[in-house]
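Next up: just one chain, as structure tokens, the form predicted alone.
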Amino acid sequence: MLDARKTAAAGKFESAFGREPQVVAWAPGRVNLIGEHTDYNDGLVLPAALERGIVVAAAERGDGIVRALSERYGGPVEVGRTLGGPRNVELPPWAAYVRAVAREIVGAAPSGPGADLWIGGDLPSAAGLSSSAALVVASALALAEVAGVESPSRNTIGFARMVRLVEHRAGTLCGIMDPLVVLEGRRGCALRIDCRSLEIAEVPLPQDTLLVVCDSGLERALAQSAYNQRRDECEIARGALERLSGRPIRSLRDATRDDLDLLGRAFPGESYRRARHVVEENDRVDRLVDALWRNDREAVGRLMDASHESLRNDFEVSTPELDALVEDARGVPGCWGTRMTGAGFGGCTVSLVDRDAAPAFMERMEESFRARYSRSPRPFASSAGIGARLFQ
């Protein structure tokens, strides 16, 4: 499948720019089975890479201009000059990501080469599937190769931190989870990531199951949404817990259930609910890991249900459309469990479904959602896939 994507991307690049690309890079999207809004609280997460992703074909230019063309977003757009010229021209969001990557990667080359990039792929945008991290990773891999600088993939942790920095500069104060799973995805496995130690452990998904994604149709613009507000609210809860407990609390990862009781008595409203979600969600991650190892279908379903309810009621990031998708999936034959995935405020749900039941499950989801909202949730099925790759 990836070889076919490489060939198609190379052909599109040649059609657009009249020459062959030097390199093609690919990076996957991701879903998160459980562990939401815990990554920036130094917590635990359980994401998996998808088989859908972003592809970038690239070749060097001799004039110092970095130019990008996307069949997904538009262009061509001049995203930067390494040999002088204006550097702060306002760009569409997708091109601004590429410009930020170019400054990190091409700016490190002594000769300051330019590059042409063609960007494609089959990963939905603004749907909570980490399309921005995939775009940044694929662009960085391609640009590093073209510029002749050391590939950032030689240092996975450093690469992931660079991707996170680019996202922060774009206005979204995301955690480390997305770039790590985009880089480190394993076929057939979810990854248990400790976002404090950055330790990663493979967790095999049950054999003959698929990840089914359903899109609510509500695009998320996290930089302009309540995402950053939730981070601030977690910091307020952390500070309150530190004052109440009288001991250092680096993040909500360090809070205990006794701390929650203390916070609930002093501040029973928003701060308590935000902290309760993070503390209990961290616990649910390891309980789900254990349930997956045991192939305990009922436990998987209960934990994914509990996670979604907490995100809806305590963290308040779900929407009626996401709730409807979760409700429609419950009890459908072959479905182990379902929940919203990603930061919320729109986006997608993820369901773990028996492979042979997936076609009927997707048909059922489409019929139910269309009856409610007169549009399709555009379901698709994927195995857990591999991380980012570079093709020459």
Ligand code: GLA
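Given the structure is predicted, the values throughout are model-derived calculations rather than measurements. Sequential numbering from 1, following the sequence displayed.
Below: the form predicted in complex with alpha-D-galactopyranose, not depicted.
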query: Region of this chain that lies against alpha-D-galactopyranose in the predicted bound form, out of 134-142, 181-189, 167-175, 262-270 [heavy atom, 4.5 Å]; finding: 167-175
query: Interface membership of residue 347, alpha-D-galactopyranose in the predicted bound form, 4.5 Å heavy atom rule; finding: no
query: Contact flag, residue 343 vs alpha-D-galactopyranose in the predicted bound form, heavy atom cut 4.5 Å; finding: yes
query: Contact of residue 35 with alpha-D-galactopyranose in the predicted bound form (heavy atom, 4.5 Å); finding: yes
query: Any non-hydrogen atom of residue 73 within 4.5 angstroms of alpha-D-galactopyranose in the predicted bound form; finding: no
